[in-house]
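Just the one chain here, laid out as structure tokens, in the form predicted on its own.
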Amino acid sequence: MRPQLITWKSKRALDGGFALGSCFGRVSGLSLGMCAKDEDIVTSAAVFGGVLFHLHVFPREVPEDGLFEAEWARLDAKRAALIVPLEAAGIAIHEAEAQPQIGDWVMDVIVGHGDEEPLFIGAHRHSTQTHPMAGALPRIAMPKEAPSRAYLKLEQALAWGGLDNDRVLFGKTALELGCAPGGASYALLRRGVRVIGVDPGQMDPMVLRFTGPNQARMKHLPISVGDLGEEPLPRQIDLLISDMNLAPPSALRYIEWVQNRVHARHFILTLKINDRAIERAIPSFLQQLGKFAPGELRVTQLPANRREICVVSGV
């Protein structure tokens, strides 16, 4: 066990269908061991014989605010260098731009801080519960003017849920519960999404003034979610977002009540995990949420999440 990397031995043989099934593991799969040299990766991959791989190269430790361009450039160079011995050994690799499809094999190469550290190699099959990007790390940088880290959390959640294609949300309407000071709202406005934000807290004036593509603007309701009963809302919302600073039992009651009014087609929800009792209750929270969510639940702890998990759902 090392920071952001855990391995363990199984008492039974594991096959290609193995999935960790934990919302706290962004990337998981079969361990193929460590490689002291780039050429050793061929030995690890050879056990799969004839598999066409997606090659994902990512760092072992990731800052919660993401990676800068210089680090991505180092990782891209490392990926290019690894392809040379793999292809020379007859191991086929997808183009870097190709995203995994359901059932595709992905080779995960975990890189340390320096070239002297060995590579750690793993493999997994892509599914609806795995991220299409290397290390579950979308290449997102937070703008300096963004008023809070909620910008980064929202953008990472869109990528995790497959909602980052502008054609999905452009021109649509989002209802955000717990919007202040406006980081997530700003991210949506930049994507041409109209936002109705609910929060008694103060919003950043820049967000309230901002006009995004398609004349996307924000309407701030400076009230608590419990006071929404007197407010007129659209009969259907495209995206319901919640980042309320409430324990999951309370947050889920409000979310269900709001969903019964607006019938949102997509969810992006943050559930706060404040103690071990809440952590142990996650399966029951997800079971409750599944009763009124608009589709299959996808659950993970995003790189920008702290003591919280992200749930994405949609039709």
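Residue numbers run from 1 along the displayed sequence. Quantities reported herein were computed from a predicted structural model and do not represent experimental measurements.
This next part talks about the form predicted in complex with a small molecule, which is not shown.
Of 28-36, 47-55, 243-251, 261-269, which is the one stretch near the small molecule in the predicted bound form, taking non-hydrogen atoms within 4.5 angstroms as near?
So the stretch in question is 243-251.
Would residue 150 sit within 4.5 Å of the small molecule in the predicted bound form, counting heavy atoms only?
Yes, contact at 4.5 Å.
Does residue 200 reach the small molecule in the predicted bound form, with heavy atoms at most 4.5 Å apart?
Residue 200: yes, in contact with the small molecule in the predicted bound form.
Wondering, does residue 180 line up within 4.5 Å of the small molecule in the predicted bound form on heavy atoms?
Yes - in the predicted bound form, heavy atoms of residue 180 and the small molecule come within 4.5 Å of each other.
Is there a heavy atom of residue 224 lying 4.5 Å or less from a heavy atom of the small molecule in the predicted bound form?
Looking in the predicted bound form, residue contacts with the small molecule include residue 224, since a heavy atom lies within 4.5 Å.
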